[in-house]
Ligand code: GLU
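Below you will find one chain, with nothing else, as structure tokens; this is the form predicted alone, and questions on how it binds or moves follow later.
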Amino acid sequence: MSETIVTRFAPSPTGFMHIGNLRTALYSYLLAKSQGGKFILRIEDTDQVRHVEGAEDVILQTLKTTGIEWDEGPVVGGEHAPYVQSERLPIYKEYAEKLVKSGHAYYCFCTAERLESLKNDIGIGGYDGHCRNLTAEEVAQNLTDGKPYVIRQRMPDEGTTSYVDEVYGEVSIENSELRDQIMIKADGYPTYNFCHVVDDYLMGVTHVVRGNEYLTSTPKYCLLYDAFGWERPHYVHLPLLMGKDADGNVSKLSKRHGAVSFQDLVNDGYLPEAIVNYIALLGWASKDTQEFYTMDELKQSFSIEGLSKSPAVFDYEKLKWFNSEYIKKLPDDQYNEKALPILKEICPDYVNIEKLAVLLHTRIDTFGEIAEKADFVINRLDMTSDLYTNKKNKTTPENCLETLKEVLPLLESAENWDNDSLFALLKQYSADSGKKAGAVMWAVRIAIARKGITPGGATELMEVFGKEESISRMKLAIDELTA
């Protein structure tokens, strides 16, 4: 094997990229890059039944969007091409036949009906080894007769198979618990259990990074390495990724917990950089207390020693907080590139969406919240006069009505309709009338926003609404308070 560390990510094209798969890709990538190694992308599409058209493109696009760049793989090529398993079928057949010749594998001619009947036999738990001891003559005759067959791995009958995982330590399993798994199916396609071992060896993979659901399956793969006489790679199994139910119960992350694919999160208004940053911390921690990382910083900081054995809980509220911090730090041009198209689609023509975008910049957790935060701009919300009551400013519906009646003609005659001019106008009215500025601003803001909590003050919102809509809303408020 090469002295350079080589990792790989080998997803199946079965749909959108699950958060757990993305974390595996990220950790595998970071492990290689933290040590100046190589990262390979391989598409494991041998399960043709579950193959989803276009899913491979989704995988490639997700990795590109998140900044996970592969050194070898689809599109970029490399010395170990092809990198799509369905294009490597002759390779798997060749290596399976080698194991048949060495006695570590055998042809199995059992029919589907017989295998189905085994499922009802107590204690079988899989295959019963029926074809294990067919003679060479019987095998040759069956092949001559064209009987369908699979190739199975011959497991040891006795002893224990062990390996040392980089995170969980030594893992052992009694060989008597292992069943003779299929390596090549009747349709000529290999199973994952076989082909990923062949590919990892041929591509020089030194460290296999994957979820810990494979922790107890790995002894089977170790036996394949041993059967070929190959050096085993280092195994790095990642802690489970859990989700929290509404009632607080924790279970394996699934759709009932919320969006579980990268694309779903992006569609909900999360930034790729925030998603990657948060996922990086789900099962790994650096030696310091740093929370925010760029991809370059992650490459420098990542290490196997920082991986946890304990399950990691995907907390949507924590992700939302991460995302809000990333949005706040976005330069105006990048923020507007995302926010303005949303506002343009949902807001009436009279709304100054550029000004509204500025008010929302530090007040949204995701871009998906823009419509919710701007609801009072899109529609004239139903309201009660209770909103005019504010203890701090000592406002009541009655004194707010008086303020609005006195302010309305001043605003109607205003020549300049921008935040600074409007603020100066209301401040002057406050001074002239002897009313607290806060009380005046409160009355005007509630009248035009028709909502208690808004992303901006009275004059900022008047600039957003424009003169005509602001005056119209104030007149409506006066009529409501007078009725």
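Worth saying up front: this structure is predicted, and the values here are computed from it rather than measured. From 1 onward, residues are counted along the sequence shown.
Just so you know, the form predicted in complex with this ligand exists too; it's not on screen, but the next bit is about it.
- Of the listed positions (Tyr192, Trp321, Trp230, Phe292), a single one reaches within 4.5 angstroms of this ligand by any non-hydrogen atom in the predicted bound form, namely Tyr192.
- None of 128-136, 351-359, 192-200, 298-306 except one has non-hydrogen atoms within 4.5 angstroms of this ligand in the predicted bound form; the exception is 192-200.
- For the three residues Ala10, Arg210 and Tyr214, a heavy atom within 4.5 Å of this ligand turns up in the predicted bound form in every case.
- Looking at Glu56, you'd find every heavy atom of it more than 4.5 angstroms from this ligand in the predicted bound form.
- In this stretch, 23-46, the one residue having a heavy atom within 4.5 Å of this ligand in the predicted bound form is Glu44; the partner itself is omitted from this view.
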